[in-house]
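Before any questions on how it binds or moves, here is one chain, the form predicted alone, in structure tokens.
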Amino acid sequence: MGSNAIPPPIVRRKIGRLLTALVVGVLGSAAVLVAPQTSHAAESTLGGAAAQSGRYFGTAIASGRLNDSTYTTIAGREFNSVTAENEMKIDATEPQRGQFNFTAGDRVYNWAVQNGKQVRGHTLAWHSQQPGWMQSLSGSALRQAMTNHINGVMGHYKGKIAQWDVVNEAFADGTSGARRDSNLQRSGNDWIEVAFRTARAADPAAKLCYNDYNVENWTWAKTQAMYAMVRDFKQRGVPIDCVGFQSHFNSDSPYNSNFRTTLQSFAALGVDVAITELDIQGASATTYANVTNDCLAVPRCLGITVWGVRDTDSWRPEHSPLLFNGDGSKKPAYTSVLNALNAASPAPSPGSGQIKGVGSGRCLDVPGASTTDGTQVNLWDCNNRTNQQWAYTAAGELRVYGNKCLDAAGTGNGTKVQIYSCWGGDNQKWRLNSDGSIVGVQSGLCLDATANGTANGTLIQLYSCSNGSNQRWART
């Protein structure tokens, strides 16, 4: 489909299996932030192979299929992330106003955690699958109902959900780039912002995502409208952490190689990206591999979720769009995805070492071997002393002296990067990326040697990522 084509609408009716709807960066070259790589054994499952690069490979799970042993055997073996297909949506969780029902959602959640999987929450605010009582509301009454719903659902799952699709499908199809006309939109143009702010207060630990379809092609108006919203939110401090690309590829909305550009462009805004509902008409092995490699090429791509286990579980079974046939056998597309995941470089392992600036050849250093909270780190000749030994932990911290963390004093350009007693905040967590950058989880900004400095004493700050040599680092 050309750049002027109009993406067709996706029709969604509630019929059974209806659709709806930690990255640690991959490291692999001499300029990146790892010690020399050792080869890693190929994994035999999708989730295991994805985990090697710090990502997940997940699936949508329907509670009604959890009694199907073939279904649960495949899902339990292959995937390390789960999204509830319908069970956490509005009509399922609040069928009567103020009366929440988590029976089906909890069944999916409990199965997932009992089988060692993380859970994505889907979805909190959406124009579709609203119960009748919500459909009848408008204006301020609807707005209050939306915030109450977010608080109720996120409160129930607080601290348990890795990512929430806070808002789903708020943009119109076609070439207008406009918001979708819905009862939520008619409650005021700020409804999406209100939803995200409510969600942040309800569960500060969850990643908050905006999720949509037909936004994979970078040239489409809908994609550009979503990009403008995310950029605005980041500039104004609206709490958005990630963007989900549903990725339902078919003859009307085909895969385009510029999908990687789309993922990279959103990631550059300082948000994570995720492929949230992947299915591909005909299950082309080449296209599945391309999509997987697009995610692997973007350090901030958290992972991939396919929308169903077998073709018979798909919302579009006539398209044969998934990785497993109805009898549970693996398709060629499965092998192509597994091979792509296994070819990715492994995530950095925990361990101590110096962090050397690529541009300067000097090391990340705590001046005067200070242990005082608030001491700004700098560049200094590498000397292997304890004030240059940084341990990268499984939690994403960079620790020095064992109990002090590399800490961002804020989230804006020019923010001081210092040491501070470790306390687990996102301002003390970092992603080590394949391009050698070190990105703050909270800010999305890069660890930067000020003014492109290379001399002893050059101070370290946060700054917008530019791939400059003063923002690339290697662990030695």
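Keep in mind that what you see is a predicted model, and the values were worked out from it rather than measured. So that there is no doubt, residue numbering starts at 1 and follows the sequence shown.
Beyond the structure shown, there is the form predicted together with a small molecule, which is absent from this document and is the topic of what follows.
- The closest non-hydrogen atom of Ser128 lies within 4.5 Å of the small molecule in the model of the complex.
- Residue contact check for Trp307: one or more of its heavy atoms lie within 4.5 Å of the small molecule in the model of the complex.
- In the model of the complex, Asn217 stays away from the small molecule, with no heavy atom inside 4.5 Å.
- The small molecule in the model of the complex comes within 4.5 Å of no heavy atom belonging to Asp294.
- Think of it this way: in the model of the complex, the small molecule has a heavy atom of just one of Glu94, Glu397, Glu169, Asp241 within 4.5 Å, and the residue is Glu169.
- The stretch among 243-251, 147-155, 369-377, 176-184 whose residues place heavy atoms within 4.5 Å of the small molecule in the model of the complex is 243-251.
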